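Before any questions on binding or motion, here is one chain by itself as structure tokens, the form predicted alone.
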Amino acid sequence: MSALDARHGIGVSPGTAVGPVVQVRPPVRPPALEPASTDPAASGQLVRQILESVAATLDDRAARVDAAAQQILAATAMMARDPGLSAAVDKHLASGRGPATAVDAATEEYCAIFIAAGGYLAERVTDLRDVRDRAVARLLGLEDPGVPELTEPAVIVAHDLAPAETAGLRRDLVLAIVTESGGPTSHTAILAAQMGIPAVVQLPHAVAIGDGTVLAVDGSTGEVFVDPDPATRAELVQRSERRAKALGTTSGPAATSDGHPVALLANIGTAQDAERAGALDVEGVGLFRTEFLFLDRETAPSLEEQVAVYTRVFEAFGTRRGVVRTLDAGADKPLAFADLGHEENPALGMRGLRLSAERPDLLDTQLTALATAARATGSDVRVMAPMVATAEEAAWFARRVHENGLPTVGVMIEVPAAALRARHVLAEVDFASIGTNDLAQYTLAADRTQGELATLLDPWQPALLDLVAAACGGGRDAGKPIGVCGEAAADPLLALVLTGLGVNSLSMAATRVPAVRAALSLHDLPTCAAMAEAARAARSPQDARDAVLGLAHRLMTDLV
């Protein structure tokens, strides 16, 4: 199988597949010369009915998917029901636009606001445009854009795939997903990985590939072969079989081949996530994103509501560790009940722990709820703060946690300052976890929601690995453990590098754990250290990956 025969995108969900292309129906644009509405009030009412029908469709899909997808679909349905969107449509109708054109213009106004805000809101632009596209199609009496009804296994190809579409895919009929845009941290990429569907994003000219064309897709390497020859097809099938065999050879607590332990943990966002992951072979929770309980609400969740959710999460993991990140919101994840006003640069603004310092009542209620749930379940609960930059911030947070009766406190290392001064930050707390997604965007000055900057955000960037090394050095100096809970932890090859740098635990989507466990079992700690040194010495992310793969066990080509 020659690399010269392959097109290259970015692999975001591992696995291989071969099958015919089914192109996603593209969105319908409003008529170029749509007549102005003759009755803006009646047109506004029609648009509201259409938007409600879109929301109802999303609600129906949400009832038939897992918890992670439910969260995304429910949030998208709320967008369709947003009175502000309908009011913006009314404004455009009154100015002389037709209904479809008014919906399009109003949506793009909101998209511009979301993109300017960055972070969480920027990630919602695809969702909002999906609402727009469905509404416009229905206003014009056409089929919704999206994935056609599948009758046989196929490779889904699209310019981009809305989360609502990804969440509704049938795993038994979708062999792989290929998109022309998107990024490694997009909702589509995350959902594909959770569903175990091989996926490649950022594949040039993907939408030009005709329906029925056979593709061979490698979601690990990002390679896509158009009309592959029999040898290529056979190699991918064999690679998939070897991968399945390798994943079935290990279980239990993870360790390198010479016995060095590396805890493998699950990332979760909801109680349903916890119950699903808790039944799997993982050593606990490495990142519980509690913000899903707070977002898209008009009022903060009550103490009782939080206690109920946290209790369900802790019960799902029994005596295994549960690392909880306190509310990571504000600025790029705005809360209606904690609006701190306009910010020129939200990504560098009052988010994470900074919001908690401004609204300590929110933090104290959350900590009280966590302590109550911990006592009720007897669980090993460890609490960490997001977006910590200084030792003073770490000390302030540690005092609040201890005052609320929780014994184990940590911080997220997501900004270069915390990585470079990890020795001082960790002197105030018990552990740290590196969020490689945010650390990459702040290190490379590249918005992680902007797909065209994906190469800068590659977790193999040597500069990012230098900061991970600095954080681990600080952890050794302070005698405190360091984990990684960003996307880098889920890459089996990069997991070896992180272990060689001194990382003690890796947290990821629970479905990615078997491949990382298998990779660790194939290598001893000195080899991992040599890999780390080779990666940091490289000139580029690709050079770093190639250098490490050259040191790896031959079976790694089937795991990555």
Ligand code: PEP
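Since the model is a prediction, treat every value here as computed from it, not as a measurement. So that there is no doubt, residue numbering starts at 1 and follows the sequence shown.
Although not depicted, the form predicted in complex with phosphoenolpyruvate is the subject of the following passage.
Judged against phosphoenolpyruvate in the predicted bound form with a 4.5 angstroms heavy atom cut-off, the residues His187, Ile190 and Leu287 are in contact without exception.
The candidate stretches are 368-376, 436-444, 207-215, 460-468, and the one lying within 4.5 Å of phosphoenolpyruvate in the predicted bound form by heavy atoms is 436-444. Although the partner is absent here, Asp127 lies well away from phosphoenolpyruvate in the predicted bound form, with no heavy atom inside 4.5 Å. Among residues of the shown chain, Val155 is not one whose heavy atoms approach phosphoenolpyruvate to within 4.5 Å in the predicted bound form.
Interface membership of Ala422, defined by any non-hydrogen atom within 4.5 Å of phosphoenolpyruvate in the predicted bound form, is ruled out. Of the heavy atoms in Gly486, some are within 4.5 Å of phosphoenolpyruvate in the predicted bound form. Exactly one listed residue, out of Val262, Ala102, Met412, Ala80, brings a non-hydrogen atom to within 4.5 Å of phosphoenolpyruvate in the predicted bound form: Met412. In terms of contact with phosphoenolpyruvate in the predicted bound form, the residue from Arg132, Arg448, His92, Arg382 that brings a heavy atom within 4.5 Å is Arg448. Scanning 302-329 for heavy atoms within 4.5 Å of phosphoenolpyruvate in the predicted bound form gives Arg325, Asp328 in sequence order.
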